[in-house]
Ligand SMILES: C[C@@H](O)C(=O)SC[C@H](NC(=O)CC[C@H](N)C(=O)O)C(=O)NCC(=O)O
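For reference, the chain that follows is the form predicted on its own, supplied as structure tokens.
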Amino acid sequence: MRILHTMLRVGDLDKSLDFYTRVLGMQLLRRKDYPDGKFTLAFVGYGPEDTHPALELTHNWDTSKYELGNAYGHIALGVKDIHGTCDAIRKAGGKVVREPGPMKHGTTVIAFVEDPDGYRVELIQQGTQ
């Protein structure tokens, strides 16, 4: 077994696709509209789905905003240069909500960014875990 994908419901698919592809550097792997169900599924990731996990962005056409609730945590991405990555995200219009630094009670260097729907994405400096 392996993880295939994680699904997030998004209010504006174009904004979300821009964030995950242009700001975070993922690729749009596939996209399909389901007119009878009034929703679109778009899969993004860093490699082909047969070897890499993906992020499924689900856009229900009649919903423009979701309540995130208190159960969702974050998506985590390993990065080689956390400071450079945060700078690039800011320059691309992304929102860094926690600057790079060691995590509480540990030495792992982390930062957090936020997508257009308010979902948190953790950046982890590789080699500090």
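Keep in mind the model is a prediction, meaning the values are calculated, not measured. All residue numbers are counted from 1 along the displayed sequence.
Although it is not shown, the form predicted together with the named molecule is what the next lines describe.
Out of the listed residues H74, R31, H83, H52, H74 is the one that sits within 4.5 Å of the named molecule in the model of the complex by at least one heavy atom. Contact annotation: of the candidates K91, K65, K104, K38, the single residue with a non-hydrogen atom within 4.5 angstroms of the named molecule in the model of the complex is K104. Contact annotation for K95: none of its heavy atoms lies within 4.5 Å of the named molecule in the model of the complex. Contact annotation for L24: none of its heavy atoms lies within 4.5 Å of the named molecule in the model of the complex. Using a 4.5 angstroms threshold between heavy atoms, I110 counts as touching the named molecule in the model of the complex.
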